[in-house]
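Shown below, as structure tokens, is a lone chain in the form predicted on its own; questions about how it binds or moves come after it.
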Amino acid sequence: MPDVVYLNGRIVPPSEAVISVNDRGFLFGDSVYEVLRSYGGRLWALNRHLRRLARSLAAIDLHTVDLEEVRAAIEETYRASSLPDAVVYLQITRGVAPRAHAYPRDLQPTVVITVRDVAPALASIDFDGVAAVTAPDLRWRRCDIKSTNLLPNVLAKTRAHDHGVDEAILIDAEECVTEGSSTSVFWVAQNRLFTTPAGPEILPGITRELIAEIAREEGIPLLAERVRLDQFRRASEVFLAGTVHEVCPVIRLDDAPVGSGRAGPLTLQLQKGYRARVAAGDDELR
């Protein structure tokens, strides 16, 4: 259970956090979300998350949300948790109305924030290297919107866990890598760093954005290219990027080693660079 819950202006016990059965987030997945975390009592990359939230809200035609009120609610809820290292989940739905596909434009959005200790999530990740499987990318055509329509992601992640591995790397209809079920994906080939190009096929990840900045600052060229699965399998390094995963090496893919079967030098360099940014609290928008 979450340690703290914020619902529509009030911090309440989890048992009292009740949402209507007519909420469009429940009925249609008509909602967007963000997941951020804190380090040592400081919310990480909050401005970046709010910028992406604004983009998602605009993309689903939801224009009645005051982002400064959302910021204040996140900060208030996080303070109430007293957790120095936490995962903060924010979800905003279009609101409550009798079930009909077309939405009224005057609804009051539902805002939910939960705060949990990050330790259990971290305990399940081996930052020296994890294994992954590939899975078909069955998601909708606007993966750049951080919506709660996550059934294909849920199925892919569960498939990965059924295989005893950490993540599913998604492969589209053209046999190209897109991203992980809950992470961004980077790879190294011929000593060059790659990631999937930005666009509607992938989420504009906050950690992905930070890694691109770190690579630029450290003189590591980053190329955005589509890669076919057969080429991806020949990568010398692969790593995942995400709010909880940070920079996490993938050392096995579909039960075969990636490169040497250990975290590679570019991955380790970027992992170190990311942790240095966290330690410095250096998360402001560039």
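The numbering used is simple: start at 1 and walk along the sequence shown. In this text, all values refer to a predicted model and were calculated from it rather than measured experimentally.
Although it is not shown, the form predicted together with N-(5'-phosphopyridoxyl)-D-alanine (PDD) is what the next lines describe.
Residue contact check: Pro249 to N-(5'-phosphopyridoxyl)-D-alanine (PDD) in the model of the complex, 4.5 Å heavy atom: Close contact is absent here: in the model of the complex, Pro249 is far from N-(5'-phosphopyridoxyl)-D-alanine (PDD), nothing within 4.5 Å, heavy atoms only.
4.5 Å heavy atom contact, Tyr33 and N-(5'-phosphopyridoxyl)-D-alanine (PDD) in the model of the complex: So Tyr33 counts as contacting N-(5'-phosphopyridoxyl)-D-alanine (PDD).
Contact flag, Val238 vs N-(5'-phosphopyridoxyl)-D-alanine (PDD) in the model of the complex, heavy atom cut 4.5 Å: Result no; Val238 lies far from N-(5'-phosphopyridoxyl)-D-alanine (PDD) in the model of the complex.
Touches N-(5'-phosphopyridoxyl)-D-alanine (PDD) in the model of the complex: Gly242 (any heavy atom, 4.5 Å): Because a heavy atom of Gly242 falls inside 4.5 Å of N-(5'-phosphopyridoxyl)-D-alanine (PDD) in the model of the complex, the answer is yes.
Listed residue that, although N-(5'-phosphopyridoxyl)-D-alanine (PDD) is not shown, lies within 4.5 Å of it in the model of the complex (heavy atoms), from Ala212, Val112, Leu203, Ala135: Looking at the other structure, the residue within range turns out to be Leu203.
Stretch in contact in the model of the complex with N-(5'-phosphopyridoxyl)-D-alanine (PDD), which is absent here, among 188 to 196, 174 to 182, 114 to 122, 127 to 135 (heavy atoms within 4.5 Å): The contacting stretch is 174 to 182.
Residues of stretch 144 to 169 in contact with N-(5'-phosphopyridoxyl)-D-alanine (PDD) in the model of the complex (4.5 Å, non-hydrogen atom): Residues within 4.5 Å: Lys146, Asn153.
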